[in-house]
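Just one chain is shown here, as structure tokens, and it is the form predicted on its own.
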């Protein structure tokens, strides 16, 4: 089982023969962020059950606390005393988002509407990620935002007057869409958002926003009348964190994993469909609704996989699962190819470069493109030394790959995994057969 040497790093990943058992995951990260923010904008007390305790969600919670929202750990749930849409308080210092792009972008839509100045910062990785995509629509709404050439830190000043807009998304982004919606919740005027390419719909789904489809485009309408109200949120298990174990269950021999009560929003399960097309033995049971989101159990068994074409149109729906799918592609027959994934360049790392570096270390010789990569794996190297590049999903993907190599492998650093799933290694150990 993975363990840390006394001279850490590197982190040693020992080989595993098979995987068997049941897993449950902490609350979905995307919904956890939104439940906290919506509760903070509501009047009164909201209760959140199964909130993610990953570092990214903790960043959102700490910023909300610093701007006047009272958040209490009540044991089996989190209690949030909301400030209302106009009730935030000026923080005493800069607001630090850590590694969380979701925190920075979603809260931009809230901070742009406040009556005080604030500064939002992030760690080294987040400070390299593009923010113009969220700054530009908020400026169209009247926001006063300064940045470092489109990068963090972001400086928010009280606006002379915010207004509703009609905005057609130039780049698919659920985070940018969410920021615009959160800003519009403060306004009486209607804001209309038009999506040519579908993205995750948690924000509009959780708020119950009116949505229609015309000429192949999704149209979302929002204004102050949809401002959040106090409520209870029960958050299903994180389907993106589960992806690494779904893939592991398919590629490890003599394996079967049952994942309980996991999110099954169709905007998040596209990777399951791809793996099923690859020949993956995946079964979904006990489906039901948890709030406005579908949940259920996912059962995966060892399978003989073959790579299949992946349509560019589906990339926004699988962008976070591409590292896990890449590992599945290594152990599948035929050519694995990802194209149309420019967004990978501006994630926690340049994920195209990060994945290619580690594939080369594994003995795979990929072709690199500006928007993706292609490879056909044959014989893998023994005892490869991988790098996480400070990227949680890269680290988890190549931990899984290492555990399937007879000699195991090493990772330079795994601390980054805690931003999304601090339980990762405990979960892997609990189902490992040696």
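Residue numbers count along the first chain shown, from 1. The structure displayed is predicted, hence computed values, not measured ones.
What comes next is about the form predicted together with a small molecule, which is not displayed.
K.L.:
Out of the stretches listed (334 to 342, 277 to 285, 72 to 80, 314 to 322), which one is close to the small molecule in the predicted complex, meaning heavy atoms within 4.5 Å?
P.N.:
After filtering at 4.5 Å, what remains is 314 to 322.
K.L.:
Which pick from 118, 255, 102, 113 sits with a heavy atom within 4.5 Å of the small molecule in the predicted complex?
P.N.:
Of the listed residues, the single hit is 102.
K.L.:
May I ask you to choose, among 220, 131, 174, 264, the residue with a heavy atom within 4.5 Å of the small molecule in the predicted complex?
P.N.:
Of the listed residues, the single hit is 174.
K.L.:
Flag residue 30 as yes or no: does it have a non-hydrogen atom within 4.5 angstroms of any non-hydrogen atom of the small molecule in the predicted complex?
P.N.:
Residue 30: yes, in contact with the small molecule in the predicted complex.
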